[in-house]
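In structure tokens, one chain follows: the form predicted on its own.
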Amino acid sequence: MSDHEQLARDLHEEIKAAGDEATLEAVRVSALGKKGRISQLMKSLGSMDPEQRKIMGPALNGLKNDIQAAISERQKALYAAALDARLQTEKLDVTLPLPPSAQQMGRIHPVSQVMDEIAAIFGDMGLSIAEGPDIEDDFHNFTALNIPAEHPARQMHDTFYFNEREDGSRLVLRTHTSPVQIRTMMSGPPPHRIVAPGRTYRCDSDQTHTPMFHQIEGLVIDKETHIGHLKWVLEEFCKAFFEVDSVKMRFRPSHFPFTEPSFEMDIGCARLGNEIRIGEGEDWLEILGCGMVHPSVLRNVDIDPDVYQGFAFGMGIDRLAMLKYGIPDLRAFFEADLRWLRHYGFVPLDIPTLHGGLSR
């Protein structure tokens, strides 16, 4: 028996004896690798005389092809055996319920939910949504709103200032969404009827304050707008948002540089332990500031205050969410705790509507 015939017999026995794919791979490398036994025989063809090469060349090529085919067949058999073993141990109980889908597990953040609720309410009143940049210049954030350079409100707001520019001016992270009102009034002639929700920024952090929070402001400018319109809009908003039939309101004199007269608005409530019930009881709860737009603000945006007047109001969206849904700590809104979100969040497809219910 020749050497290559003995080698073929030995390799077939090794292939047959391989019990797993790793062992079979080792046999393949020992036979067909760069330093494998068949490879070494193939290299020896160069040193043979022509007549011997004619005989050994086809014989070695045949051996190589035969071993490759045997390894391939054995590999298929080992794979089938391994798969069969897995199927014997891995079983699927088709009677078990499916795991929850992403749509079922996902939740809408209370801030997003309340924004949608507010948009639905004011949209029904005919007000549109307006937006503006988070980074503002001094004119839109302060000066146009009747807050001059020496005004204490600039310090009261605890403003985040950027570094000075070449001309000495400084951009700011907006301290309120009132700059959107200025941009709206400068965008075209009255009438204007908008609400401006968005993020605002102030240097403050405790249980009821965060450096970044959400606010919504409303603006109505027209020729015959008066305080009675303002009171009606806010009363209807409170009834719709808190989903009560009636609500007591009172307006206390206050001061805001951009409105005159200015008011803080309180609504009637009952405090039962840690629970606050809107629309009943003898207590009062402050929820927003409002007033008639200051004539100087109108002049700053080239609107004649002798022809047009209007009202504005502003409220914190995060605090409204805390109040309506019983959330005790504002800081938890921004901690990205999935357990908190699953507890206080809302199912994605439960879109708030006035006819279907805001918080169904």
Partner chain sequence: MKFTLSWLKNHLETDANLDQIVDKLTMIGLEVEEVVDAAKKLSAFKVAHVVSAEQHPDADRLRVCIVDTGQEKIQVVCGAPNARTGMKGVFAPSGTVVPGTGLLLKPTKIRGVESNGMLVSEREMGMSDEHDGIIEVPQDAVIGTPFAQVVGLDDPMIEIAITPNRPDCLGVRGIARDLAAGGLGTLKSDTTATLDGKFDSPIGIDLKFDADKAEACSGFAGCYVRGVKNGPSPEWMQRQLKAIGLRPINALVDITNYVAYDRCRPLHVYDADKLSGNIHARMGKTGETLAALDGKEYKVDEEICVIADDAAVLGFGGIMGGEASGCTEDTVNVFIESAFFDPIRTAATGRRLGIESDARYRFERGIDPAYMEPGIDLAVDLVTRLCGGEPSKMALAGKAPLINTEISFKADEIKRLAGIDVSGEDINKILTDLGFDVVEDGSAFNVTAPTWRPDVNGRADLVEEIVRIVGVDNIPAVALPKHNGITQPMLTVGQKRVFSAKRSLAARGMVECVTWSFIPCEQAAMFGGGSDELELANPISTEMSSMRPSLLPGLISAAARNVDRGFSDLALFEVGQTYHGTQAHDQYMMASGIRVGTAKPGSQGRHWRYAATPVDTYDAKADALEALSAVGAPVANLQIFDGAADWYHPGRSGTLRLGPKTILAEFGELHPRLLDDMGLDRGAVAFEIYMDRLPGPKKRKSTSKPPLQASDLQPVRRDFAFVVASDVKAADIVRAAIGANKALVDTVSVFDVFEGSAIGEGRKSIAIEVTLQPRDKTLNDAEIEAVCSAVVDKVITATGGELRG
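On a predicted model such as this, the values are computed, not experimentally measured, just so you know. Positions refer to the first chain, counted from 1.
One more form of this protein should be noted, the form predicted together with the partner chain, which is absent from this view; the next part is about it.
Residue heavy atoms within 4.5 Å of the partner chain in the model of the complex occur in exactly one stretch of 237-245, 274-282, 126-134, 67-75, and that stretch is 126-134. Under a 4.5 angstroms non-hydrogen atom cutoff, the partner chain in the model of the complex has His214 among its neighbouring residues. Contact annotation for Ile267: none of its heavy atoms lies within 4.5 Å of the partner chain in the model of the complex. Taking the partner from elsewhere, Thr143 is found to have every heavy atom lying beyond 4.5 Å of the partner chain in the model of the complex. At a distance threshold of 4.5 angstroms between non-hydrogen atoms, His176 is out of contact with the partner chain in the model of the complex. At a distance of at most 4.5 angstroms from the partner chain in the model of the complex, all three residues His226, Lys231 and Pro295 contribute at least one non-hydrogen atom. With the partner omitted from this view, the residue of Ala81, Met186, Met105, Leu87 that lies near the partner chain in the model of the complex is Met105 [heavy atom within 4.5 Å]. Of the residues in 166-180, those that come within 4.5 Å of the partner chain in the model of the complex through at least one heavy atom are, in sequence order, Arg170, Leu171, Leu173.
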